[in-house]
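Two forms of the same protein chain are encoded below as structure tokens; each is given separately, as structure 1 and structure 2.
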Structure 1
């Protein structure tokens, strides 16, 4: 918390930058989101932000206490983007599935921000609403208070964990990402059969490791959750 609201949300004196831009928290977040996927990895920095807004980098600190503060605001923006217009399916597992896919889609669209955002608690409006939505789905499904919170917790962490992992891979410089992907059809194909018999046995299936396990994992998790729900 410590001074989290020392920076006023509403400004009275609006003064344009040297480049004629009228700064605002929203504009800064917009620009940050744009920067982060226009430029390559590490594309987002206070200095680049300053350049993009044609203002001095330090002006950002008039709107956010630190880059961490800015990151949390960005994270909340992404959550809002993910959940905008979401109406949960009547079937609770389908509802959770839909929510998971939305969150993943947004995080993959902003891989570099995803890494920062996924593990944080923004404690801001959009996150409040998302948690409200998720818990409501589970309560309506018949989970008790404790069960709903437990289920939501493991669900959302699984979704965020997978998404963060995929995003981190996407956020790598091209050369590294491709090298990582090639590993399964390359280095892993060259492991000696005698010392790695299991790898040898599945050699022609290893390419699957290069892709995403998100939906498969999600479906298995929901299968498990359904079973837990049914059996008490």
Structure 2
């Protein structure tokens, strides 16, 4: 998650729709987030937004230059949710852990938007604050400029990648997600020993593949960063 083209102020002012609703950038984003929960990524179309807001779809373009501009604003909104009220712990690894868990919680709360939020660089204020916070944690810990940037890159890509993967699974229909989870204690248990000897050797442990690896991956990452930090 990492200036944006700005819509002129006179085009950002609140305007009533034909249904009497006062249109604003925040209302459009709120509606887009709601529609994504109901309809998936296709809920972010300008046509569907116009219908939900009782306005001509072209009215959306008074607030956002394009659908991509809207997507970036939505991603930045989620970053803002994750960082709202966050006060870093004095211990830098605890601070990064706290930041990571907040990001994960927001992506899991918005599973159909998780890939959008994880894959884009919004170039907006919430992302600027988030990156500023992460880099500042590492600089205060004693990382040099290059080391802080490398460490933050590793941190944020690991967090976003694992959280988005977990959220994508959560967005699946229940039956598909449950079938995927059962695969480790069902389909994988029936692989023939002679053709899959490695799987046979660990068959009794494969159930572990069904859970989330997020916190374990975070532990590995933070342990590695502590070792890099200690080695100077």
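Basically, rigid core = biggest C-alpha set you can superpose within 1.5 Å across the two forms. All values derive from a computational prediction rather than experimental measurement. Residue numbers count along the first chain shown, from 1.
- The form predicted together with another copy of the chain corresponds to structure 1, not structure 2.
- After superposing the rigid core, the Cα of residue 35 is displaced by 2 Å or more between structures 1 and 2.
- Core-aligned CA deviation for residue 61 between structures 1 and 2: 2 Å or greater.
- Here the chain acts as two rigid units, and between structures 1 and 2 the smaller unit rotates by 14°.
- For residue 195, the Cα shift between structures 1 and 2 is 2.5 Å when the rigid core is held fixed in the overlay.
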